[in-house]
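Shown here is one chain on its own, the form predicted alone, set out as structure tokens.
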């Protein structure tokens, strides 16, 4: 369960969003500038709300009235950006292991093998990011986030930088993550077709406000 009720002033832009979701994939849908990325940055702990609360599975991560703000590195939230953000000097195997080591988690061979199989990246392990396609880089970024054992995965337009062929390549892996990884996701997109395939609940944002919330039918 994810509960969000926050306000944030960013220059002349005002964000005010409130929703509760139990969906496997909560889609944040809206045009560019609607406040989608700002909202997930608040959920991630990268931005502090001016007012409000964020609660995940009963744990309060932000509560401005009580002075609670759990720092990003303690939230156990995975984040996959549009540009993958892999470390160019590390090979794929080392990039995958980065999240686990940063979170001081013990090696888990079973999970490691499962994530590699789930994302079909076993043949890429000794390559550097510069030798990967855009779709391969995003699959590695997803694997790195999953291996940090997050309780929530945030995806900020992960297909936004890919051409149509690469989007069609990676979409089935995102569907597999939804159905098999057992990690709830918040998925940001301005592409309604993407969200119809992936999301179980939709938060529609317009000019910093939630205009609709519900199943994928709200996209019609």
Partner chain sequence: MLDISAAEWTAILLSLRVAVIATLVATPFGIALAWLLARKDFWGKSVLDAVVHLPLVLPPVVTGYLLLLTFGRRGLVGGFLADHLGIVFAFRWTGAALACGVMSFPLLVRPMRLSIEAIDRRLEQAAETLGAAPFKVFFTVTLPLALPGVLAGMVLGFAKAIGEFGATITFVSNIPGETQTISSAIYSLIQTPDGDAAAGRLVIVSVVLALGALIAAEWFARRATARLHGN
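Residue numbers count along the first chain shown, from 1. As the structure is a computational prediction, the values presented were derived from the model and not from experiment.
A second form of this protein, the form predicted together with the partner chain, is not displayed here; the remarks below concern that form.
Relative to the partner chain in the model of the complex, residues 24, 28 and 213 are all farther than 4.5 Å at every heavy atom. In terms of contact with the partner chain in the model of the complex, the residue from 193, 55, 46, 168 that brings a heavy atom within 4.5 Å is 46. The partner is not drawn, yet in the model of the complex one stretch among 65-73, 179-187, 31-39, 157-165 has residues with heavy atoms inside 4.5 Å of the partner chain: 65-73. At least one heavy atom of residue 89 is located within 4.5 Å of the partner chain in the model of the complex.
Though the partner is left out of this view, residue 104 does reach within 4.5 Å of the partner chain in the model of the complex, counting heavy atoms only. Though the partner is left out of this view, residue 131 does reach within 4.5 Å of the partner chain in the model of the complex, counting heavy atoms only.
Taking non-hydrogen atoms only, residue 144 approaches the partner chain to within 4.5 angstroms in the model of the complex.
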